[in-house]
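Okay, so here's just one chain, in structure tokens, the form predicted on its own.
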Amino acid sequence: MSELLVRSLEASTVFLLAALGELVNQRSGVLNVGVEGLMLFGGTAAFVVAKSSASYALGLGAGVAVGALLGGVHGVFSIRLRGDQVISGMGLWVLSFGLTTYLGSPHTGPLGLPPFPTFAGLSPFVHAGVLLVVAVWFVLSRTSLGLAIRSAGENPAAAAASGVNVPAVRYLCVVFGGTLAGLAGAAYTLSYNPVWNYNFLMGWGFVSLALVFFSMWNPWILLGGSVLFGAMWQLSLNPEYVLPGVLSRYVWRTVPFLVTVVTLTVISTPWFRTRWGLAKPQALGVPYSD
């Protein structure tokens, strides 16, 4: 398997894990624009613990646990306190930018461990990402829990009247979303690019957030979009594979973000929504009050 293909799939997986957790968040009606913050925290925790303990397992556990905890914190502000979900998410991102810089600075540099184990030439994160897409699709579309999640995001009052505990469902989803964001950060710092530096993600979390809207809240479209953006990102780092000598690599690095802006602009138009049925949850971002 070519190095470019492997690296593209590894990058795609980081996008996919974070976006898949946010997709579940949003299907329950909770918006978290601080996905990048949770990824920064999770990735930093995973890197620091793995480097200090020389254990990938402990590092991975730390990244996932921190992501779940911060997902729950966002849930407290958004669900229990009924605060503005955008402000809560941005607050987490700003906090993460400063705090991870402070906590991670003593560990700046390479991880210093043997390469992360692989299976069939790919890290386990890639295989786990595909399995998670299948699991999320199945739960959302084929189970009573999925119906409860979708109901909480579409019409929470009607869901509550039918016996759904809307706050509990939303808490479950924000913790799950935080867990996957922490896992995505860990996949980045332990496998994809095991070198820590401040703000190491450089906007990956925001691209993951955009991918949820790009996917129209469909896990399968999200998988395809993640592969597309992962390939674009890797090609922006190695443009010589396609167009050697054409423009600076720093110009190429703007391509994934430009495509994100164009994509979001197109899918937000009335024409696109009417033709393709953008399935935005009706109660997305709206606090529920019983």
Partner chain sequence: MTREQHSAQATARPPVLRARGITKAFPGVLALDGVDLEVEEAEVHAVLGQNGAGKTTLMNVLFGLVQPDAGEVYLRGRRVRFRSPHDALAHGIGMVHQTRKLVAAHTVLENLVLGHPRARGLLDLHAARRELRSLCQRYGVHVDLDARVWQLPEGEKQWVEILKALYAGARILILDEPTSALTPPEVQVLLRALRNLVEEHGVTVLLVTHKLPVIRAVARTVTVLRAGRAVARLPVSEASDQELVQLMVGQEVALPGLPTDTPRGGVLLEVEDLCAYNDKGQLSLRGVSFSAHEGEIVGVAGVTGNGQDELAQVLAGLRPAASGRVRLAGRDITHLRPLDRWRLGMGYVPADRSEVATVAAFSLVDNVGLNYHFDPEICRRGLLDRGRLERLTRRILATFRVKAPHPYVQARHLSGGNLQKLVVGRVLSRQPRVVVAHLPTQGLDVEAATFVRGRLLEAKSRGAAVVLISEDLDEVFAVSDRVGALYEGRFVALVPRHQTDPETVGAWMAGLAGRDR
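Numbering follows the first chain given and starts at 1. Treat the numbers as computed from the prediction; the structure is a model and nothing was measured.
Beyond the structure shown, there is the form predicted in complex with the partner chain, which is absent from this document and is the topic of what follows.
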| task | Name the stretch: of 71-79, 138-146, 115-123, 178-186, exactly one has residues whose heavy atoms fall within 4.5 Å of the partner chain in the model of the complex. | result | 138-146
| query | Which residue among 130, 86, 195, 157 has a heavy atom within 4.5 angstroms of the partner chain in the model of the complex? | reply | 157
| field | Heavy atom of residue 151 within 4.5 Å of the partner chain in the model of the complex | value | yes
| query | Is the gap between residue 199 and the partner chain in the model of the complex 4.5 Å or less for some heavy atom pair? | reply | no
| field | Proximity of residue 162 to the partner chain in the model of the complex, heavy atoms at 4.5 Å | value | yes
